[in-house]
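Take a look at this one chain, the form predicted on its own, written out in structure tokens.
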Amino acid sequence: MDKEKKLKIGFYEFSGCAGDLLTIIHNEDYLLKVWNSAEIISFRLATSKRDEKANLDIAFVEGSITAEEQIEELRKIREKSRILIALGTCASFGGLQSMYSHLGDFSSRFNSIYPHKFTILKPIESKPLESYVKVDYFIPGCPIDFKLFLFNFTRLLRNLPVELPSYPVCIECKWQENNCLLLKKIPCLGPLTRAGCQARCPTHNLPCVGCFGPYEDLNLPSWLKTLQENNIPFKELEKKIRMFFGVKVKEILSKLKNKK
């Protein structure tokens, strides 16, 4: 791609562990190819050279919004970007920070943990990017899978849309020839979770924890029935779903409670 035709791209982060951007940086074999295929305008974890006034073709944004000041910063990124992509589960669904969203009053919960008044930022209930701005695409994961990112980064350079797996982790489990953990009475979130991780946890005989967020057509009734037959307490199931499904929890749990 000619230099004058390179897309202008920025990488940004809000509240989270920065694991998604670190995943990109730590893949050294491909990092220079990613870097040289576009004009990187901003990437704080990789370079101190930034141009925050430049308009962008694509903005990759990780992390959830957990402070009022971040809302305005996010809106500025949105205004200068042709395409904005929520990178990782925190940006896409709210992440671990929002596991207790819709559960009582946020101020009461926050003050019970942090009794002293914050003077730097004004904390708010953690929410995904789309709660405040238009998000064109999302690439979930905690952290993201680099191969899935690289696949979609290449597509975006060619003005093609982001393409994610349209099936649950269970399909990847079958490809890996794993034994189903649900049949072993282990509460695995594979049927509820979007694929993209190559069934990383079940392949090591660990139950899926849902870190790629909810699968759009999740088979909730069958999952619930299987676990109820195994006498798994509802509160345990609720805790597992809350961990990574973020603001989608209310909708999902309402369906669960209707099936109890």
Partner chain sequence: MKAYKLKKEYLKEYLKSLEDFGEVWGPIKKGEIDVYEKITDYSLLNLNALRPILPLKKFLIPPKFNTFFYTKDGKYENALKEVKRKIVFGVHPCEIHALLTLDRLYKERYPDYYYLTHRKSTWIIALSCVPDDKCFARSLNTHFVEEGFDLGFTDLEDYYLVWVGSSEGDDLLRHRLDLFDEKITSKDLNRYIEWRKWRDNQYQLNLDLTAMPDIMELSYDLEIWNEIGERCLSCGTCSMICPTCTCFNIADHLGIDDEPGRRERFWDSCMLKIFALVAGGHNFREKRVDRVKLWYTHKLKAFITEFGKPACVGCGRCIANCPVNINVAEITKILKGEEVKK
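Numbering follows the first chain given and starts at 1. No experiment lies behind these values; they were computed from the predicted model shown.
Beyond the structure shown, there is the form predicted in complex with the partner chain, which is absent from this document and is the topic of what follows.
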Candidate from Val209, Leu218, Ala67, Ile58 lying within 4.5 Å of the partner chain in the predicted complex - any heavy atom: Leu218
Could you work out which of Ser37, Gln228, Asn27, Thr47 is the residue within 4.5 angstroms of the partner chain in the predicted complex, going by heavy atoms? Ser37
Here the chain appears without its partner; judged in the predicted complex, the stretch of 123-131, 90-98, 179-187, 103-111 with heavy atoms within 4.5 Å of the partner chain is 179-187
Determine whether any heavy atom of Arg158 comes within 4.5 Å of a heavy atom of the partner chain in the predicted complex, and answer yes or no. yes
Considering only heavy atoms, tell me if Phe153 and the partner chain come within 4.5 Å of each other in the predicted complex. yes
Contact flag, Cys170 vs the partner chain in the predicted complex, heavy atom cut 4.5 Å: yes
Residue-level question: is Arg82 within 4.5 Å of the partner chain in the predicted complex, judged on heavy atoms? no
